[in-house]
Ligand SMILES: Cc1cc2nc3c(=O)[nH]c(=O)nc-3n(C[C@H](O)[C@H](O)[C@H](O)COP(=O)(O)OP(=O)(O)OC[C@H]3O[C@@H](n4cnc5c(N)ncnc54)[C@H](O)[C@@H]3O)c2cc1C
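Quick heads-up: it's one chain on its own, the form predicted on its own, in structure tokens.
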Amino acid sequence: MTLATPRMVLPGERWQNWGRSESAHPLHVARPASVADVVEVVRFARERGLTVKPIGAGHSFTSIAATAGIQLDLAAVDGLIAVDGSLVTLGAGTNLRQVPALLRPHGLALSNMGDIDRQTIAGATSTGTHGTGGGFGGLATQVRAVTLVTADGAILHVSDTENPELLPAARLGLGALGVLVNVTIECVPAFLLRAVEKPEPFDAVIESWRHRVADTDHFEFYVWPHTDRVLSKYNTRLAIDEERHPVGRVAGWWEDRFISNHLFAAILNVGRAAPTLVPSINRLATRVSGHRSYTDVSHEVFVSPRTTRFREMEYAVPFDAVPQVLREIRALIDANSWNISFPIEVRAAAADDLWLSTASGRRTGYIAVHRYYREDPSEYFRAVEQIMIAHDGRPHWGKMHYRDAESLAATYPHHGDFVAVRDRLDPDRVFGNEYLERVLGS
């Protein structure tokens, strides 16, 4: 019996990701409104020999969500499903920006966040999205249970009590094991963050990298190429009933909207037209940015507006390798006389036990490089990647890289275990695409 085309399956249309680094033209776009709808779409895809891929918010820079089959838009499978103490279950299509308002009535918050909140909860956990903090893991480490629609259209619950052997794979699954339809997150009591942002000397910061991470709840810094300065950010956790001193409305617009986005975009276009001006522009940027402190609810400090499009490659390296890797990247830029406008972002995370986490089994430092989306990043990114590989680096799954399954298996001790779970749950590759074939094998 041939299944009729489900009502929510529509003709496909061209899709581009946010960074304009990937595009696809799926045969169909499906917009399910429930888990039952997702089951129907997966069964339809399997019968027709089509692949099906959830698209999330399109904030990955890789083709991890691209498909020529059925593109699954889970925007309507969102919202708060249940709260049990600190355990919060969210629909897979819930955007991170929705979460604070959903948690506020319950006095809860995510324990850590990155600086972008456009992603869906399923997309963010599946690709290894993370923030910073030596005592904190990425978002997927906060996952306690997931519900998947598997390749045969069955509903699979994975938790400490149901199919627990799958949990190390399913918490960060690259979209390779099934369609995530809900995620249960371990939250924490709501809290404030006191933020201090200031420019500092490059050498002083990297020489005391270990101590700064150890002494600050959430420490990160941005290295400006062609200068000897960095912009450091120190975030300290405070009780929710401490006094707030948020950024003023005008000051917030000036720093976060005008300087960090509108003015920065204009500068990038100037640098693209006249590359020789980039070093001078970067030196000026280190003098006019930073120099502020404020205290606010956690998500208002963790998250920053990002409207200027870019392309990004981020690598996780052993924590103690960060200073040396940064020195080598700076020397690489100088040796090639490249004019790099974007600062290099540096963060930290605790070790975890997720099979495909970039911090799996080791304390980790993250180093991210960027290019304006109108510039070709390949020469810069490929050269930086060779430095990362020499230091046993692992690429962020949602950011640009050039690695394949063979090379990744050498740096992920559980790569083979994950592939075995994929073979068990999706032997016919209903959820496959070219990217997953490249990084996991066929």
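Numbers for residues come from their place in the sequence shown, where the first is 1. The structure displayed is predicted, hence computed values, not measured ones.
Not on display, but discussed next: the form predicted together with this ligand.
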Taking Pro54, Asp115 and Gly128 together, does each of them reach this ligand in the model of the complex with some heavy atom inside 4.5 Å? yes
In the model of the complex, segment of 274 to 282, 234 to 242, 120 to 128, 199 to 207 with a heavy atom within 4.5 Å of this ligand: 120 to 128
Contact residue in the model of the complex, from Ala65, Ile70, Val42, Met388 (heavy atom within 4.5 Å of this ligand): Ala65
Note which of Val99, Leu174, Ala151, Val247 lies within 4.5 Å of this ligand in the model of the complex, where distance is taken over heavy atoms; exactly one does. Leu174
Contact test in the model of the complex: Phe418 vs this ligand, heavy atoms, 4.5 Å: no
When the contact criterion is heavy atoms within 4.5 Å, does His59 count as touching this ligand in the model of the complex? yes
Is His218 close enough to touch this ligand in the model of the complex, meaning at least one heavy atom pair within 4.5 Å? no
Find out whether any non-hydrogen atom of His157 is located within 4.5 angstroms of this ligand in the model of the complex, and reply yes or no. no
Residues in 172 to 195 that come within 4.5 Å of this ligand in the model of the complex by at least one heavy atom, in order, are Leu174, Gly175, Gly178, Val179, Leu180
